[in-house]
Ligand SMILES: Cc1cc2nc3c(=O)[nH]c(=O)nc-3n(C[C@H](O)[C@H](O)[C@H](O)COP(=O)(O)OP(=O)(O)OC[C@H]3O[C@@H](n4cnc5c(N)ncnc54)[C@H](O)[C@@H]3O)c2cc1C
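This document opens with one chain alone, in structure tokens, the form predicted alone.
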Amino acid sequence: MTNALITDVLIIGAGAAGLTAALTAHECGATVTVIEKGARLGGTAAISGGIVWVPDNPQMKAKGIADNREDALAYFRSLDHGEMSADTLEAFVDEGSNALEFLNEQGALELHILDGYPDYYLDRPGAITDGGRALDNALFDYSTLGDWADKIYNGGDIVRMMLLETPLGGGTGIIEPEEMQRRIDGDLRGWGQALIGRLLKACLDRDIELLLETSARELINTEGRITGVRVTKDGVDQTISAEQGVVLATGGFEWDEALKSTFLRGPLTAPASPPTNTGDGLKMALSAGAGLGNMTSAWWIPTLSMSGSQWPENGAPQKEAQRSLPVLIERTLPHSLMVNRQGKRFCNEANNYSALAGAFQSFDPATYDYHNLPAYLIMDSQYLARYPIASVMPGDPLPDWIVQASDLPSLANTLGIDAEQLETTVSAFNTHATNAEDPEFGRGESTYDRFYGDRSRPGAAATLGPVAVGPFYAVEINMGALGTNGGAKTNATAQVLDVHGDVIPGLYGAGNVISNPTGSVYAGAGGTLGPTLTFGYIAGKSAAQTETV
């Protein structure tokens, strides 16, 4: 074994949290090294929509949109079920705007407000109805990255639109051919690819060392202080020493079966994140004696799995893993509903995706089973004539993962669900959906419900319409996640705490490897990336200015 490197601050993981921590530590005067186990960097953030949710952010202030600390804290505390720590929650609320301002000054972010995008829980104090806290990325020029442009993970998809231009952000999804060609020629990219691209460019401009395909195996503890990590690179074991601190920024554990079955409150069978998220940082933190928080939770989201769709190889332990896609718009559009294996509706289909986990993971003691998993999204021909299902556009040939039948009983029989109950469910739904009403679950009553619907239709009709015209279609829906959000406990300065609540000297954390500052609450679009960037900023600053205790 050889001593390959000595640095001031070592960052493990090159996603949004790690790159933010690296940039911050560098600007605080530290020498910085970032290691990433994959052949590409960016992680979950790189394949995400890239939206950043931060209260009272600089863009809100510039546009005169009212927000304040008290409202933001009231909003979170009204949703807390005991999993939030006051110090880390307040650190996020207090430092979020500072983090964005710092990253903007470094050229590492270019964000704009998603106009009209509401917070997710509009009935709670401190919520904002008309948008402001959710921020979208401007397009980023990948040609400025040189060879590094091909080293950012994209899952095989290049995104050349800002989210506000797509139906997810309230746009049409249509870009004029000339403009699209300009973006292709200039290699302009949006969403999470823009977010990670800018962060990476800022790090490269400062000659921050980035080592890919370098797997961290074990933290080094020297007389009670974390002083480095043992890694494997090119088949060779090496030691990297960190004189000031190590920052864990390795993502969650949603692709590790043992960790999922040990900690999560219910099934997570179809993650929407890259298969590199196998809990590496969590295991290292546990070995160092870290305390844990929020371990039963994740950034839940319903997903569908397209047969034959697999994650491209990325140096991940699970090569050729099944790829699953978030189901956002599909379940909110008219002429659709969702049922369980009994053929019954069980939720407001248009509710925010993270909160829906509670409905999917409902446990039936009579059958000793999760009776709402899998679920099925049922659609009629009116739906398919107007709206997409994942990448399948109206008029496209139907893939095998979309089930088709001439009538509802035949569809139910093919799916293996109760045909009589399905007919009863659809009939009851149609009776009220014709009038854009849903007395059973209140679908369409919230501004959020209607945001992802067909907004060419007024009011609740944006999301409600009868499922009445054959043929009928269905896709299987399972419980996925954008990542887990429980992990090592930290304090407000991102220092990892041990099982007794004491600081583990030299160890810091940010992103999905730590116990999320907002607990299990997905506050609004970008509710994962807001805390991730903020605690990356806090961790980088703390590690660079650490006391040698």
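All residue numbers are counted from 1 along the displayed sequence. Just so you know, these numbers come straight off a predicted model, no measurement behind them.
Separately, the form predicted in complex with this ligand exists; it is not shown, and the next lines address it.
Quiz prompt | Segment that reaches this ligand in the model of the complex - one of 65 to 73, 486 to 494, 505 to 513, 22 to 30, heavy atoms within 4.5 Å | solution = The contacting stretch here is 505 to 513.
Self-check item: Asn372, Thr88, Thr276, Asn352 - the one with a heavy atom within 4.5 Å of this ligand in the model of the complex
Solution: Spelling it out, the residue with a heavy atom inside the cut-off is Thr276.
Exercise. Work out which of Ala249, Leu464, Leu199, Ala298 lies within 4.5 Å of this ligand in the model of the complex, going by heavy atoms.
Key: Selected residue: Ala249.
Quiz prompt | Touches this ligand in the model of the complex: Glu83 (any heavy atom, 4.5 Å) | solution = No, Glu83 is distant from the partner.
Quiz item: Should Gly540 be classed as touching this ligand in the model of the complex when contacts are defined as heavy atoms within 4.5 Å?
Solution: No, Gly540 sits far enough from this ligand in the model of the complex that none of its heavy atoms falls within 4.5 Å.
Quiz item: Is Gly228 close enough to this ligand in the model of the complex to count, meaning some heavy atom within 4.5 Å?
Solution: Gly228: no, not in contact with this ligand in the model of the complex.
Quiz item: Is there a heavy atom of Val9 no more than 4.5 Å from a heavy atom of this ligand in the model of the complex?
Solution: Answer no; every heavy atom of Val9 is more than 4.5 Å from this ligand in the model of the complex.
Quiz prompt | Lys37, Gly49 and Thr214 all contacting this ligand in the model of the complex, non-hydrogen atom within 4.5 Å | solution = The answer is yes; Lys37, Gly49 and Thr214 each reach this ligand.
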